[in-house]
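What follows is a single chain, given as structure tokens, in the form predicted on its own.
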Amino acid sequence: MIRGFGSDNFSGVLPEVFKALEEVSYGHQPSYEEDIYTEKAIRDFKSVFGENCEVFFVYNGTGANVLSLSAYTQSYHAIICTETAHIYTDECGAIEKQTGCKLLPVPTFDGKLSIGLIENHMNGFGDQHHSQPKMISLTQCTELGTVYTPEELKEICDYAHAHGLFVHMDGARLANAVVSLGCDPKAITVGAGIDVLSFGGSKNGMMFGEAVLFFNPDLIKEIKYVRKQQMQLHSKSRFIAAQFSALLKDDLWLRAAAHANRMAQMLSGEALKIPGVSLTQEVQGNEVFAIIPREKIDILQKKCFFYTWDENASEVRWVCSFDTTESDIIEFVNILREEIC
């Protein structure tokens, strides 16, 4: 079986990140974020997103999302998200269990929320029998590989804040969105009005670890206790921090994402040349969503693994990574052509 397109979580570790891990493996440092490497990584984040952000390191993406949403909610609150959102479909109910909040999923065609869609859940305020909407959770890039523009994000954030809601961004693939838009990272985060960001590392070349960035720190003064209770405080935090410093240095995080995006463009372009293959979403990041003949899916998955996205529609998902090569794509496309044509 050749290297597949199942997920960017399947990829290895960027050499620069691996080297950073090796360099901090020797000697002693204070634990629980009192070390020099954590201090540096926080400075690195502030240089990208502004001095007013507060940075908290966690183990994984689910932990990042749980911590982000816990900071602004009580158990009687509700969180509005898309029905394809990772917090709704792929976190085993972690958000609802850990926060106690009700998730309010919204059907979409392209994985993106809009004010019109959000308004469907903006009711029941002050009704003691009704979960109170308190947060909107957006994903960038979305779970369908699409990208919110700065203008779309600002419109949603302005609407949310005007109605007393906060906005969370699941940025597991934020780097891919920044590259796709060609914008400053602040333009689609703090500059657009996002309150809290789950910043992805694992999908973009780190071994493990994610970060949570709070852009209105005055409201989350006790969040460090919440993180500890949620078992997301790493004792040897330098091993997460050093990876982020390596990732942020010289825009490695954006260069890695740019390569993944280019590979997705190449894959989609070559696949579309094959009769019987069509796309369901515009390819804006590093994911390709395609319709292929239903009877060929199992055969192809045994030769080059990928996930079925919607079995009823015969829709599949192909994901490219920082280490996807042109040879990987050519070999896979040749297999597609042989099986489908």
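As the structure is a computational prediction, the values presented were derived from the model and not from experiment. All residue numbers refer to positions in the sequence shown, first residue = 1.
Missing here is the form predicted in complex with a small molecule; even so, the following discussion is about that form.
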Checklist entry - Counting only heavy atoms and a 4.5 Å cutoff, which of 67-75, 164-172, 115-123, 182-190 contacts the small molecule in the predicted complex? => result 164-172
Checklist entry - Closest heavy atom of Glu91 to the small molecule in the predicted complex, within 4.5 Å or not? => result yes
Next on the checklist: Taking any heavy atom pair closer than or equal to 4.5 Å as contact, tell me whether Ser137 reaches the small molecule in the predicted complex.
Outcome noted: no
Checklist entry - Can any non-hydrogen atom of Gln284 be found within 4.5 angstroms of the small molecule in the predicted complex? => result no
Next on the checklist: Although the partner isn't part of this model, could you tell me whether Gln301 comes within 4.5 Å of the small molecule in the predicted complex, counting any heavy atom of the residue?
Outcome noted: no
Next on the checklist: Quick check on this chain: which one of Thr280, Asn60, Gln29, Ser314 has a heavy atom within 4.5 Å of the small molecule in the predicted complex?
Outcome noted: Asn60
